[in-house]
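Form predicted alone, single chain, as structure tokens, below.
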């Protein structure tokens, strides 16, 4: 089969993990990735390098989300154990606070596969830890270095071809008559991509701080109705930590704001007082646009007309993961 038998549009974490799943199943040399932005690029339209990133209980409670999470967690645990340093992935102790109890379905699902998991329900007088507290072993990732690692493996180990090109329509993914299937992993761009134009897509803006805090070796998060606060160590980064954050639905402002920086510092220090230390140094602020979608991620296939000759082709849509791409991407591609 030709190298363009399978084409993936997009080289964010979703596109890369779809390519990895296909490569592991023997399709690497038949796969081509087409993307405007690749690992190593800096753009407000290329979200993956700005991610926290970790495995969190943040995701939805529907059947698909629960399945994707479980597959993703097992994949990341295996990666941490077998190639953690090269993959920039590491097991990390985690505490997650919820202002409101998650659904029983979600709690039961997490309890069935998370390592060292305990869940404690807390009363309303517990201040910032009211509602629910989960403790478990999470997996943290150094996002910009991890996407580099995945792309390098795809190219060197599996022979995946990569083309830098902006794609304006989903049918442009059919590079030749040999292209059998196109995976649409375009994230926020799916809203305007010709042939897709999904009105349910929207950006969710986040602002984060990159800090040097080598004494912080735990993951801590607090989930509220309209906010997220988190502390995520970046593995194999000589002590860098991500502090966040914001979940601003429908906002696409690329700027970083000083008052948001102050809010992040205030919230994270209140949650983990150890940050108030002479060892903590704020290095930079960044903003990113999570690729969100009303109703959750779209993972579905459809047959489309490729050209005027009435040639038909298969498109598999895989986008809209919001802030869960690093934890669910492998499961979404499986």
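Numbering follows the first chain given and starts at 1. Just so you know, these numbers come straight off a predicted model, no measurement behind them.
What comes next is about the form predicted in complex with a small molecule, which is not displayed.
Taking 57, 306, 35, 275 one by one, only a single residue has any non-hydrogen atom within 4.5 Å of the small molecule in the model of the complex, and it is 35. With the small molecule left out of view, the stretch that reaches within 4.5 Å of it through heavy atoms in the model of the complex is, among 113 to 121, 159 to 167, 248 to 256, 175 to 183, 159 to 167. Although the small molecule is omitted here, in the model of the complex none of 72, 89 and 231 has a heavy atom within 4.5 Å of it.
Using a 4.5 angstroms threshold between heavy atoms, residue 31 stays clear of the small molecule in the model of the complex. For the chain shown alone, residue 267 is not a contact residue for the small molecule in the model of the complex, no non-hydrogen atom being within 4.5 angstroms.
When the small molecule is considered in the model of the complex, residue 68 lies well away from it, no heavy atom lying within 4.5 Å. Taking non-hydrogen atoms only, residue 280 never approaches the small molecule to within 4.5 angstroms in the model of the complex.
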